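Listed next as structure tokens is one chain, alone, in the form predicted alone.
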């Protein structure tokens, strides 16, 4: 009787029921990020706004939509030199700014002590169509310029048309082909310089990584990869190659986000090492440290600053 198997039982374990693969709805793909931002994650990690000297930024909101800003910068400026040594001269600069922020309209203006005026405009004409414009006016001859962008956001694609000074025209298009992969292309014509070009790009992203590639007829090849190690740590790398001049450079870096600070750093194939620290001391008060060491050029840069206001 000991060897009798009770009714309703089996002597072998039942095999698990195979799960069906999730079907991709190609009629409901996500909208990709703009074409010019496909390297966004790598750019944020590897190219922080490094500076040398002292910087102080103050922003005061006058009402929920309008704010004024004041910026002071004191530090050396590198001037071109035919020798291998870096030549720097001390400079100081003040910048006054005004910002108007509305859900459908953004106006940003900056006036510098050297006479330059920078302006940016972003306006949402419809839910899908937006207008952007950047301009710089200066008293130096032939140095003022401007450019206008028309951006259209579709359900699973984006397209942009550009018009700028110097008879510059351009257009780009990016399309989601799978939930994680998007492909795009661009074309431009610079009438002033009689140059034209085309380019292609691909971006693959998941919750843990982002890989991008871009190639253009101008000779530029750009690759980048970002791996999200955890919620606070990301590792990034990029490679830039110009097959016209045969120049190549690569860099690897990290992005570490803590509760009160953000630390970014990198080292590139030219031996240049940099680090950038943003520390939140209190609400509306940030402390900034910037450092860069280029051993080959014997160029050493260090900067610190304060940012007051949100």
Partner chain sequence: MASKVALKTKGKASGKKASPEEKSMAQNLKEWSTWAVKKAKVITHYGFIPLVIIIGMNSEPKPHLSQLLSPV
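Residue numbers count along the first chain shown, from 1. Remember, it's a predicted structure, so these values are computed and weren't measured experimentally.
What follows is about the form predicted together with its partner chain, which we do not show.
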| property | result |
| --- | --- |
| Heavy atom contact within 4.5 Å of its partner chain in the predicted bound form, the stretch among 249 to 257, 56 to 64, 27 to 35, 267 to 275 | 56 to 64 |
| Three-residue site 100, 119 and 139 fully in contact with its partner chain in the predicted bound form at 4.5 Å by heavy atom | yes |
| Listed residue (125, 167, 92, 79) with a non-hydrogen atom within 4.5 angstroms of its partner chain in the predicted bound form | 167 |
| Residue among 215, 211, 181, 111 with a heavy atom within 4.5 Å of its partner chain in the predicted bound form | 111 |
| 4.5 angstroms heavy atom contact with its partner chain in the predicted bound form for residue 150 | no |
| Proximity of residue 263 to its partner chain in the predicted bound form, heavy atoms at 4.5 Å | no |
| 4.5 Å heavy atom contact, residue 50 and its partner chain in the predicted bound form | no |
| 4.5 Å heavy atom contact, residue 68 to its partner chain in the predicted bound form | yes |
| Stretch 178 to 195: residues contacting its partner chain in the predicted bound form, 4.5 Å heavy atom cut-off | 189, 192 |
